[in-house]
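One chain comes next, on its own, written as structure tokens: the form predicted on its own.
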Amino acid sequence: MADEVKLFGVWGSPFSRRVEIALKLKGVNYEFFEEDLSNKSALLLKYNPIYKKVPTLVHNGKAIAESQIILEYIDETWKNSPILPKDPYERAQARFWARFIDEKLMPTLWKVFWGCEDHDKVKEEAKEHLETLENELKDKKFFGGETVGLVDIVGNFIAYWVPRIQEASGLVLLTEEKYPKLYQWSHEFENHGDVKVKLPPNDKLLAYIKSRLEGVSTSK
């Protein structure tokens, strides 16, 4: 019996796109359900009644929520093209840096771009976190080495969304001069064959970001 895989997500969400990238790397066929988060579908509420969020993966009728948990589930279910290292220590390190991105870096970047009270302080924190990630990348092509792995996928927001937010807002943090390794990594990640086809269209995402930024400025 063939696997039945469904993914509930939003086209412009980096969290949804994480799951799509992982499924593409694994060669897993799936059915995508675009959600309207202002009017969530009955199926999304059925499969994710606790958080009621995207992404939600449904594999043979069983639902899995939260993007990092979904990524690990995908890696454990479909063994080809691993996105987590086999070595226990290296796996732990990958999980650590994935959490660093979600719990430290992304929240500060979000505050910098979308506004906060202590903007200068948060901006400095964001720079420090980017420097930390720059140092962790070292001289590797991807965080896991020569192939796209967990940390790269979780970092998709930095690689693809941040440059477009910078273009739309005029506020620039991630530059080749300041973070040459991260800058090169973002280029490699964005142009990886399996990744590229699962990223939002540039023009569509840029227009969406501009509309969001205009909404923020007019609400102040």
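Residue numbers run from 1 along the displayed sequence. None of the values given here were measured: they were computed from a predicted structure.
The following text describes the form predicted together with another copy of the chain, which does not appear among the structures shown.
Trainee: Which of these residues, Lys141, Lys127, Lys121, Lys104, gets a heavy atom within 4.5 Å of another copy of the chain in the model of the complex?
Mentor: Contact residue from the list: Lys104.
Trainee: Taking another copy of the chain as it sits in the model of the complex, is Ala42 in contact with it (heavy atom to heavy atom, 4.5 Å or less)?
Mentor: Although another copy of the chain is absent here, Ala42 would stay clear of it in the model of the complex, with no heavy atoms inside 4.5 Å.
Trainee: Quick check on Glu117: any heavy atom within 4.5 Å of another copy of the chain in the model of the complex?
Mentor: Residue-level check for Glu117: no, no contact with another copy of the chain.
Trainee: Does any heavy atom of Thr147 come within 4.5 Å of a heavy atom of another copy of the chain in the model of the complex?
Mentor: Contact with another copy of the chain, no.
Trainee: Is there a non-hydrogen atom of Thr108 within 4.5 angstroms of a non-hydrogen atom of another copy of the chain in the model of the complex?
Mentor: Thr108: no contact with another copy of the chain in the model of the complex.
Trainee: Out of the stretches listed (65-73, 156-164, 23-31, 170-178), which one is close to another copy of the chain in the model of the complex, meaning heavy atoms within 4.5 Å?
Mentor: Result of the contact check: 65-73.
Trainee: Taking another copy of the chain as it sits in the model of the complex, which residues of 93-109 have a non-hydrogen atom within 4.5 Å of it? Please list them.
Mentor: Sequence-ordered list: Gln93, Arg95, Phe96, Trp97, Arg99, Phe100, Glu103, Lys104.
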